[in-house]
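Given next, in structure tokens, is a single chain: the form predicted alone.
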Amino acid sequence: MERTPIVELRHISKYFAKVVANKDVSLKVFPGEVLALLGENGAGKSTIMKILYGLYKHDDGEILIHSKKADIRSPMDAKKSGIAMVQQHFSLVSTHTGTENIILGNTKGYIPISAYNSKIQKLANEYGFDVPVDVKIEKLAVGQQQKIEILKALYLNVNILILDEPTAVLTPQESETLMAFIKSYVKKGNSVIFITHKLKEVMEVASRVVVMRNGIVVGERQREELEEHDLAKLMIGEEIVAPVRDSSNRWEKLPTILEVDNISLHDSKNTPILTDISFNIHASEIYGIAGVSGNGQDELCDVLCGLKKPDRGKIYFKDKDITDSSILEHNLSGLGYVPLDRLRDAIIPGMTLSENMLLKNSFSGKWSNKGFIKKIELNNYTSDMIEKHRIKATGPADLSGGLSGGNQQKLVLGREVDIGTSLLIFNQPTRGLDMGAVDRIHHVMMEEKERGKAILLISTEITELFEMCDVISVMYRGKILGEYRNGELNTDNLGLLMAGIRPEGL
């Protein structure tokens, strides 16, 4: 007897001007299953889920809920149909408590807040969520904020939960808690659609896997029919060969490129953001900083790149004090920086690829002569970058805003690698990227290490740190908790340090 789907998407298409985001996409979600939705950046995964959640309106096709045609025009319509979505970027009001965020828009009249606190705390305990619901969001860790987002959905008693890259900012222990929740949730007959790039998570919790590429569905398998390498090949159409890390520690005998000496930084209310941060990076060394997002990593990058001045301490770059140097001096000194938020800090979406390549180089004379841009040379250079870094674009005149996130990141990568002749700083360079883009970035990092560059890699991904780094330190609440050679820590110990807990014996 054939099962009846709880949700069915039939022949869905979505166009943004001339860009085809989804083309004739059909998929089913059954009660009590975890459907993993995989694909490269720009494959159309998030778009099709935003259509189901009512954030976008499809151009063709239809949606069926419990075998009945549904007209989902807004998230409110979706929630009435039992569908909720937890997106990568949380939609929480930081100055409100967890309870206030959960009941916001769902309660009228007099609100007995203590009664709601008890009700929602009971719901949190039911699913094993260790989160204080009466505390303001701004005081909660990232993992706890995500649990509040999930509780918003559970409070509405939805039975279809869409999770978009849910473990991108979590520690291993927090990820385990989330996996346990998903298993518990679907056992009750609910369904989860799980968008992720982490294949180990797919193998752990998925019932069925749908793979998308270029806006269409290219494969569907039961989880037990697949191995991880099968998923990787389905996603990007070719085998992934991970770069091999040189573990000879030859960097120890090479010159120090960056020296950070007791850096401290406070905010406008004199609250410490960074406290006595010290470390050195040698030529041909990849130095990793682990930590959950929001523990001072972004501010450290701002200080190292000249965007902020430290309150105390010194920064030496190739034995020169650059603590008070301008941003322009940093750019011209051989320091390249791939920031966390590429749209805010690295590219201008309304500019062409060539124009974005010119950014940060406009004062160097490399692409200009007496105030005039050397357009032919710049376009040729950009075309070379497109080919070298496998950027999916038709040419240098394309707008960077029209690229997928992974291709935008590769554009930034190409520019910053050329600028950073001695030092490269990467702040979560692979966050939310598909396996193909991650593989390209990792290979470039290893290539630049071999060329003698010093590399600072800030990441929340423990696997990435173990694969890439020679030395790993851990940041928690603006402090370095410890510095270890690769191999001195296991996954559990590193995860505990990221949560601010120092394991015995370390």
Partner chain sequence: MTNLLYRTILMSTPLLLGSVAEVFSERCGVMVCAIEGIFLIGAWGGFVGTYLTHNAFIGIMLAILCGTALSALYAFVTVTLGQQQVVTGTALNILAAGFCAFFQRVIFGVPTSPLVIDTLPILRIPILSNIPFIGTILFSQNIITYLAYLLIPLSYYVLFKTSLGLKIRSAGENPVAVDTAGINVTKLRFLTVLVAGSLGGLAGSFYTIGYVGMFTTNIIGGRGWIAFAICFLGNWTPYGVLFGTLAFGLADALSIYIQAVSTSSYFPREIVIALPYALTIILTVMRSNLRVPAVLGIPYKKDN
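Numbering follows the first chain given and starts at 1. Values in this document were obtained by computation on a predicted structure and should not be read as measured data. Heads up, when I say rigid core I mean the largest set of C-alphas that superpose within 1.5 Å between the two forms.
Note that the form predicted together with the partner chain isn't included here; everything after this is about it.
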Which of 286-294, 117-125, 84-92, 266-274 lies within 4.5 Å of the partner chain in the predicted complex, heavy atoms considered? The stretch 84-92
**Report entry** Contact of V158 with the partner chain in the predicted complex (heavy atom, 4.5 Å)
**Finding:** no
*Mark R208 yes when one of its heavy atoms lies within 4.5 Å of a heavy atom of the partner chain in the predicted complex, and no otherwise.*
no
4.5 Å heavy atom contact, L64 and the partner chain in the predicted complex = no
| query | Is L104 close enough to the partner chain in the predicted complex to count, meaning some heavy atom within 4.5 Å? | reply | yes
From D261, D164, E201, E100: within 4.5 Å of the partner chain in the predicted complex by heavy atoms is E100
Students should find that, of R451, H443, K57, R477, the residue having a non-hydrogen atom no more than 4.5 angstroms from the partner chain in the predicted complex is K57
Across 394-412, the residues having a non-hydrogen atom within 4.5 Å of the partner chain in the predicted complex turn out to be none
Yes/no, I113 Cα shift of 2 Å or more between the shown form and the other one with rigid core fixed: yes
On a core-based superposition, does I386 travel 2 Å or more at its Cα between the shown form and the other one? no
So that I can tell if T47 moves, could you say whether its C-alpha shifts by at least 2 Å between the shown form and the other one after the core superposition? yes
